[in-house]
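One chain follows as structure tokens, the form predicted on its own.
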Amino acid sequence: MKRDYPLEKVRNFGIIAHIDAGKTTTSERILFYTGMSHKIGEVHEGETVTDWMEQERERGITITAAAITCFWTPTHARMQDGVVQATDGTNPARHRFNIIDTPGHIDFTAEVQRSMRVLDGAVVVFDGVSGVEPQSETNWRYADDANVPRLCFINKLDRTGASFEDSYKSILDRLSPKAIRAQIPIGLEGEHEGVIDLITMKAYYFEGNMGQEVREADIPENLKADAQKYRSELIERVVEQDDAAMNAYLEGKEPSAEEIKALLRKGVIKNEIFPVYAGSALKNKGVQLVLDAVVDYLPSPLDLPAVTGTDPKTGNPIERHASDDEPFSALAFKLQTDPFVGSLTFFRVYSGSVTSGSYVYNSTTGNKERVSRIVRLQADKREEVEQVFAGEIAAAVGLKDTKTSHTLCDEAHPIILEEITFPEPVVSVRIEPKTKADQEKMGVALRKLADEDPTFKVSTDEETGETIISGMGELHLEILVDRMKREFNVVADTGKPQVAYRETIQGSSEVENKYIKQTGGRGQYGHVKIKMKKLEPLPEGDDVKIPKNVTREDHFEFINSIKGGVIPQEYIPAVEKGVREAMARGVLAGYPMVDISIELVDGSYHDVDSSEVAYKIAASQAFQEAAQKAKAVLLEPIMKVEVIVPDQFMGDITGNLSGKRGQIEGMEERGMNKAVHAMVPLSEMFGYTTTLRSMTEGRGSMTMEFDHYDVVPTNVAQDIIAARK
């Protein structure tokens, strides 16, 4: 079977934004204009294609990243007699889009992170009234980390209070000075009619009942001077991408529209330029031209460097190029339980191809799995395909042991691709099934949901035997409990939200411990001496070498400094295990300990009585004593909070946040309202949305996301420890 679209005509991109910036509305317009849907679904009517889960439609928010395949022929290729003509499948200008519509709510941040890892580009949507908002910053940071080229779309310019210039300035100030206008709007608020393209120097109007007819016209007289000024800024920026173009420009030779496009494409792919577009998705203005920009400026898989991974046999780095002729390699980036086909594993193919019915090698687990079917998704609808090629995104049916971040490849040419890292959960609740019948089903449901969502963790409280679920926020857990009820018919009660505290140390210590037990017959003997100190971050740079005697993870380091066999080598893993188990239990209030370095410096052994169990117990006891001596403290998650309220409520809100141990970081104008930025402990923020509504007559809104862990003040820590005892 041959590939149906050449690689240079494939675009894998995501649509990312802060909650309520109009991201899903933009996605729905894209589906309509690309012919994937024949009517436009509206978020406020609960009829969208990408938000297909019941909870998404009820709440009007995106929860899970939806993957959609659709096709687009650029507007200029379809323009004839001033009206866009329909296309047929043989059109050489037609491009394949694989689009991921991601959630904007901070509780579902993992969906954005995992999507960034497999996308080649992104369209970032901004609210034309609010400009850059907190989640826009977080998502932008994720895109920076993943080196993803971006286009910006300032949406909602038809709304009261909309300002293209203020929103554009907020992008420059808060995200990147590399943003540059590629368009300017014609009119704002109720007078928003169309856009001016600064490359073609034409005005575009969107006509017909759904804005599907694009009409090109001359720039209105009153906007010609602005257009000329901003075009000069754009040209100055793009000629920086090429020395010859720069020299020609300095000699007074202006580049042609085609040359500007080629230079702009080069700048976007190198993440040196982020072009900014304008429009209103709800009013059907500007979306088609953003799709044209995706074709013109965002990279195809061929424009990007080869993906690197490691050889599982040798540990050496290896590369895979975006080519059907190279060995197969793909990354599983998402699992989803589907009511019709069971478990779907979404994957991005980096090289080679895979056929339905074939076996693939999971290099992360070392097992082979059979891909029984491959489906391409149009949100909740699916199209079966025989084969998927390099640079494409699809979902496999039938993979049993493949989880998020696992690498699938050709067994003869194994590779392990870099894993996706996810933040740790910060909120926990106790959960118990309503009836005995729900008990068994709950275990299955929780396991499936935890497989799907890497930021959702399930554990058991060892003392009470209760099940505890942990996630990124109250809404996150609420949705998951709701999904258990709807998708798995499990009814469960949940307790009050609990904060995921941590413990750490502020000093250092040295402790020796002997575990000796004489019973009838063989006794037990384990003797260790450990040094404990706070774990320091590794120095910057790629050439950091970790010595062979050191095991190092994000929050823990174990150094084996035993010389001359004073403790036999076979007992060292038992010492490390004892330390790890004690660390998981904590020493103050039973919370896991973090950022600890343990060095095993000395000890002894007994020819007959020494055993793994004895060393494990000795190490565990030594750890607990050392942690107490090294000034153990409690840590709590601190949230970055933004509250948006009308001016008259400012004093009440800042006073209220300060009363919650919050630190006000700053304030700014946000359209007609004020935005307050603060750092507040998570424990003080439960139920805050309700408090905020009653304090502001329902006019205030807030967002919060995890920022860092900090030491709990002594008086508060004492209460937490007492409650746990």
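A residue's number is simply how far along the shown sequence it sits, counting from 1. For clarity, every value in this text was computed on a predicted model and none was experimentally measured.
Keep in mind the form predicted in complex with a small molecule is missing from the figure; the text below concerns it.
Think of it this way: in the model of the complex, the small molecule has a heavy atom of just one of T73, S351, S280, T407 within 4.5 Å, and the residue is S280. In plain terms, the part of the chain that comes close to the small molecule in the model of the complex, with a heavy atom within 4.5 Å, is 281-289 out of 398-406, 617-625, 281-289, 137-145. Of the heavy atoms in R320, none are within 4.5 Å of the small molecule in the model of the complex.
Among heavy atoms of E705, none comes within 4.5 Å of the small molecule in the model of the complex.
Looking at H476, you'd find every heavy atom of it more than 4.5 angstroms from the small molecule in the model of the complex. The small molecule in the model of the complex comes within 4.5 Å of no heavy atom belonging to E487.
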